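Presented as structure tokens, the chain that follows is alone, the form predicted alone.
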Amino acid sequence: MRRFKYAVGILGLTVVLLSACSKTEEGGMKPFFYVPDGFPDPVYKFQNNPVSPAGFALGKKLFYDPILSRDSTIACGSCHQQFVAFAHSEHKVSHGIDNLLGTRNSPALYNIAWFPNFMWDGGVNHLEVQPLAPISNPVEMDETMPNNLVKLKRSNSYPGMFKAAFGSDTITTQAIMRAMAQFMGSMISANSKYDKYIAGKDIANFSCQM
């Protein structure tokens, strides 16, 4: 049953992660973030934080970089794995720093630009705030943002990446959160048979049979 749920989640996942754009059926190019046919307007306001190639690349690097954890062993991507729809495979509960166990498994992340709140209990209500919860959790990444700012400022690569993304090499918590929002908000699942049916495509081949 567990593998089946992951397979269903992966079936519809069409995440733009490896390049700036993805090809449409008409041969054109989709931007990092787009609203698929049949989807409502997103909850997250990208007008206030437009996705750019540099911002997306910075958010992706931060997402997969364990530097954000206390001892640089755990990244966001450690518990949000792309091949299982950005959940945590083969674990009842997620494993964090020092192999400590949490109380829940990591939720999947795709289509989160449409979420009004986050975490299993809905305890976070804004995409740009959500990463602060796992970063500061003592059994997840167990780090503080002041410490992370020091580490990122000492990096050879990050100041330049922040300047490319936001026009300044000054690294702030807000800039970190906005870059990660650009990356995570661009995780879009909209290509399953059901999605195509709702969009009015491939209706003849849709059925409930597995």
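One rule holds for the numbers: they count along the sequence shown, beginning at 1. All values reported here derive from a predicted model rather than from experimental measurement.
What comes next is about the form predicted in complex with heme C (HEC), which is not displayed.
Between the options Ile171, Val51, Met161, Met180, the residue in contact with heme C (HEC) in the predicted bound form by a heavy atom within 4.5 angstroms is Met180. Proximity of Cys76, Ala108 and Glu140 to heme C (HEC) in the predicted bound form is complete: all three residues have a non-hydrogen atom within 4.5 angstroms. Interface residue remark: Trp120 is counted as part of the site for heme C (HEC) in the predicted bound form, having a heavy atom within 4.5 Å. Interface residue remark: Phe63 is counted as part of the site for heme C (HEC) in the predicted bound form, having a heavy atom within 4.5 Å. For the chain shown alone, Ala165 is not a contact residue for heme C (HEC) in the predicted bound form, no non-hydrogen atom being within 4.5 angstroms. Contact annotation: Val84 falls outside 4.5 Å of heme C (HEC) in the predicted bound form, judged by heavy atom distances. Contacts of stretch 94-115 with heme C (HEC) in the predicted bound form, defined by any heavy atom lying within 4.5 Å, are made by Ser94, His95, Gly96, Arg104, Asn105, Ser106, Pro107, Ala108, Leu109, Ile112, Phe115, listed in sequence order.
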